[in-house]
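Listed next as structure tokens is one chain, alone, in the form predicted on its own.
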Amino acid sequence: MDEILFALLKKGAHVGYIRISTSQIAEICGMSQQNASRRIIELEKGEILKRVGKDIKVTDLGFGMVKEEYLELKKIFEIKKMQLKGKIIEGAGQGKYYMSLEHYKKNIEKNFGFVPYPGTLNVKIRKEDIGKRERILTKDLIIIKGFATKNRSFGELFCYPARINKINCVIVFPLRTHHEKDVIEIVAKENLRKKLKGKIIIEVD
């Protein structure tokens, strides 16, 4: 946005004429008076500003341009959903074992409101979405603590709610995993492998 236009809008020049000198505008915008005068003339020629004597205002055209820019910026800053696209791949079958363990099942139900289907869905995401995966790891993840039996220990699960093709699910990041960074593991209350086909879209708030 033009800095002079922005300065005038802050002064209320879109509501009506205001009295302000070019030297005052120059001081506000941190530029020379000559540069401010030149820019005002250019904006006036473009019918973005209008002057009557020592008074100046932002025209409807100028305000409309600013509004369009604002709406575009609003779209950028208010984006909440993050999408990752990929395809289903075969796993090693370990997800079925881990999601059958009572400790993980109970804690997923406690935190996310469903008993997970015994198994994880492995989704290989696009290379350009790996950065988004890393961003998920910076969110307020729910951590399911690890535990130990007489024979072995089990690691923590870092979990985050999501949707996969509009189905509620949970992304799980096991502390111990053999997957590369382009693979995301998903758990849900249903057998996702049977239900999902074609392209996969994971949505995260």
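Residue numbers run from 1 along the displayed sequence. Rigid core (definition): largest C-alpha set, two forms, superposition within 1.5 Å. These numbers were taken from a predicted model, which means no experiment stands behind them.
Only in words, not in the display: the form predicted together with the DNA, which the text now covers.
Residues with any non-hydrogen atom within 4.5 angstroms of the DNA in the model of the complex fall in just one of 141-149, 23-31, 57-65, 154-162: 23-31.
Using a 4.5 angstroms threshold between heavy atoms, Asn168 stays clear of the DNA in the model of the complex. The DNA in the model of the complex comes within 4.5 Å of a heavy atom belonging to Arg39. Residue Arg51 is the sole member of 51-68 found to place a heavy atom within 4.5 Å of the DNA in the model of the complex. Once you line up the core between the shown form and the other one, the Cα of Ile167 stays within less than 2 Å of where it was. The two forms, fitted on the rigid core, differ between the shown form and the other one by 2 Å or more at the CA of Ser23.
Once you line up the core between the shown form and the other one, the Cα of Glu156 stays within less than 2 Å of where it was.
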